[in-house]
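Given as structure tokens, the chain that follows is alone and in the form predicted alone.
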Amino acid sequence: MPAAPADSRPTLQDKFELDQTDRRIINRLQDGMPVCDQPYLLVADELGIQEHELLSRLQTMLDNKVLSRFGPMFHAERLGGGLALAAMRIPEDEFDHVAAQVNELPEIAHNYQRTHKFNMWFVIATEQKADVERVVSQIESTTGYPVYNMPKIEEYYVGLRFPV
């Protein structure tokens, strides 16, 4: 199926409208979850809502693709795993097909379309460092396109946050 031009794709506002409580939840959770027996209850109390409402709203935002993922972030390399940022140059008329092929692999996260000659960018996360090259080879074999693997040289913490 050919990819739709980037400017004609549905926007977040086309799919789901965030209310003020949703926005407060997203903003609060970007600062992390408490480490305790009932983290959702604690966050719900901070926000002045019930725990079941917090969980229900999170699930609704996930179901409506407002949130693509909600979960912990681990430092894979410190756990013995591998991480790589990768890019591909995919013809526009094949983009969606190739993206689906790449996204089928459980090691793929954060796959984005960019307006650049390298128009597909994604993260490969593996349980073993050596598996990154296996995943790269598998993608190249499946899609027929080269993967440009850019290993991390140094990590910087930038405190990225997107207030909504």
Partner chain sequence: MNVLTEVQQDRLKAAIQDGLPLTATPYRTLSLQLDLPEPLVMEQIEHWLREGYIKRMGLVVRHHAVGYRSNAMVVWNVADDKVDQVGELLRQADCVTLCYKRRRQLPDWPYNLYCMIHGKSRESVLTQLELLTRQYELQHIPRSILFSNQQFKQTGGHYARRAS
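Nothing here was measured: the structure is a model prediction, and the numbers come from that model. Positions refer to the first chain, counted from 1. Heads up, when I say rigid core I mean the largest set of C-alphas that superpose within 1.5 Å between the two forms.
Separately, the form predicted in complex with the partner chain exists; it is not shown, and the next lines address it.
Contact annotation: residue 33 falls within 4.5 Å of the partner chain in the model of the complex, judged by heavy atom distances. In the model of the complex, the partner chain lies farther than 4.5 Å from every heavy atom of residue 134. At least one heavy atom of residue 110 is located within 4.5 Å of the partner chain in the model of the complex. Interface residue remark: residue 105 is counted as part of the site for the partner chain in the model of the complex, having a heavy atom within 4.5 Å. Taking the partner chain as positioned in the model of the complex, the residues of 39-78 that bring a heavy atom within 4.5 Å of it are, in sequence order, 39, 40, 51, 55, 58, 59, 62, 65, 66, 67, 68, 69, 70, 71, 72, 73, 74, 75, 76, 78. After superposing the rigid core, the C-alpha of residue 123 moves by less than 2 Å between the shown form and the other one. Annotation: Cα of residue 54 displaced by at least 2 Å between the shown form and the other one, core superposition. Core-superposed comparison between the shown form and the other one: the CA of residue 106 stays below a 2 Å shift.
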